[in-house]
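What follows is a single chain, given as structure tokens, in the form predicted on its own.
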């Protein structure tokens, strides 16, 4: 039996294997969306009738689930559903650009002033939206609740819609909105903070890891903390001096920058970050907490290798930075 979705007095038949987002777009209904991977949450809608598949609410906050919200890009209906759009501004949190500075040749540090309280764990991610409706997801590199602002590390891509906006229009005082937070990649203390922590990230995957390290140290974590940051070239590294200073203050923290196409004898290690991380997973692998962020291929590969080496799957926390997709080509 063919399932149908009803929206604003119209009824549409779902084709086999089609998501709600794909069906609505095919029928000329505009639905805000960006990643098409269930990450940015810009395609949220509310179901007023019908069963919501579990996959369509994976990763959503309990308050969203309780309101019947779901991700249209991940929803393949199992029966008829009646939908309504999420009201304008209903989930939006207003922010304004408080500061912006380049951390290297293509990574922007964007600090956002919060106009109301926003609880978020360092390492989680939010969706940032500009006034043109362009939305992208970024990890949080600080503790917004205590700092009073939110810090994001954003790689600027040539020709990127959000990148171009941030380059030319996001001056101090510019208004934007955020949604979230989401994600389970953050520090949780147990065992009196004595367990070893290994963090590894590529590119701006450093942002959530930087936040997690700062939170762990602020909580008085006493176990060893090792942070690996991978880059293709030395110019792609950033926060080098800041992390060196943290290492100088906290004896249990080690910062290991890794450069694939590096020069021997420099302050960084030369080679593949995966090899360096795996070589560091010595001792009691059952106790290690592993945090992985960055390119999807890197995260997937290292998760598998670490698990096979003896790290508990429940102790591996990850956030793969998925590229933005067009709904017409999203599967």
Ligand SMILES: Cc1cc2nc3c(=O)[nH]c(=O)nc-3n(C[C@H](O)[C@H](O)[C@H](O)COP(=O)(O)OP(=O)(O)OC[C@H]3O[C@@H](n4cnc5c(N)ncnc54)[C@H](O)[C@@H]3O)c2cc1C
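Numbering follows the first chain given and starts at 1. Small disclaimer: the values here were computed from a predicted structure and weren't measured.
Another form, the form predicted in complex with the named molecule, is not on view; read the next lines as being about it.
In the model of the complex, the named molecule lies farther than 4.5 Å from every heavy atom of residue 98.
The named molecule in the model of the complex comes within 4.5 Å of no heavy atom belonging to residue 86.
Although the partner is absent here, residue 185 sits far enough away that none of its heavy atoms falls within 4.5 Å of the named molecule in the model of the complex. Using a 4.5 Å cutoff between non-hydrogen atoms, residue 321 counts as a contact of the named molecule in the model of the complex.
With the named molecule omitted here, the record of contacts in the model of the complex names 132-140 of 250-258, 132-140, 193-201, 171-179, defined by a heavy atom within 4.5 Å. Distance criterion of 4.5 Å from any heavy atom to the named molecule in the model of the complex singles out 160 from the list 223, 160, 94, 148. Interface residue among 39, 69, 288, 302, judged by heavy atoms within 4.5 Å of the named molecule in the model of the complex: 39.
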